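Next up: a single chain in structure tokens, the form predicted alone.
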Amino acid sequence: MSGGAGYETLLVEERDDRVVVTLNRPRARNAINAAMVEELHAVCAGLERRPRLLLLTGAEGVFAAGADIQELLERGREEALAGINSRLFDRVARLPMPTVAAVDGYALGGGAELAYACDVRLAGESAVFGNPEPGLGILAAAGACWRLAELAGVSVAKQVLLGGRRLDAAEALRLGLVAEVVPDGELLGRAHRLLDRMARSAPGALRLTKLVLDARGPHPLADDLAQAILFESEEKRDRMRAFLDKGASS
């Protein structure tokens, strides 16, 4: 596996029937920043031109522990309306062929929303899903407010989004958020076996089945409008500065 193609935040392995993408900012716990968003768009463009299965995972035992808080602090109304993360995750969700997220360690905030955008999630035993955005003065506007409700039910979504509940691997399995829980060291092997099984199906049938399953409603417009308001709030700035200051002093 190698970065290749000029990628700085991803490791990308291309095979005949699949592309394996590893989020690779381990010093930032694979936080999703603008560079990673741009590079994931490039991956999506390639999969739109040449449809293949996609496997997403994270480097060094973490899927993605959120979006980059320093970048979020600087974003305002216009960036929220642009839907920087939501447009990417929607593009991932609309890829023509099935997508699988192999999640070990933290999948928080934007990391959780990226996993929610995939068709199937497998979890290592260390996996933890959560959306702590309200604690930073914003909302989970890149899909969690509707995808999580669809995946695990409105009650669970409210517990996570309003109550700050985090779901460990066992809870995620019980709630149907993930398809399977395996030891962390076996996660990628199990994910590839799932992709092997998918690859045995007719590609055209997979594409059309996914199109029919994924018919959607008005999102993400409502998410972006609400985020635009929150991005301008002083509370958001105060909370994010406090988060960054705490990290600098620890």
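Residues carry their position along the shown sequence, with the first being 1. Everything quoted here is computed from the prediction, not taken from an experiment.
Note that the form predicted in complex with coenzyme A isn't included here; everything after this is about it.
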property	result
Contact label in the predicted bound form: residue 31 to coenzyme A, heavy atom within 4.5 Å	yes
Any non-hydrogen atom of residue 223 within 4.5 angstroms of coenzyme A in the predicted bound form	no
4.5 Å heavy atom contact, residue 49 to coenzyme A in the predicted bound form	no
Coenzyme A contact in the predicted bound form: residue 68, any heavy atom under 4.5 Å	yes
Partner-proximal stretch of 106 to 114, 86 to 94, 142 to 150, 157 to 165 relative to coenzyme A in the predicted bound form, 4.5 angstroms, heavy atom	106 to 114
Sole residue of 80, 101, 72, 169 within 4.5 Å of coenzyme A in the predicted bound form, by heavy atom	72
Stretch 111 to 141 - residues with a heavy atom within 4.5 Å of coenzyme A in the predicted bound form	132, 133, 136, 138
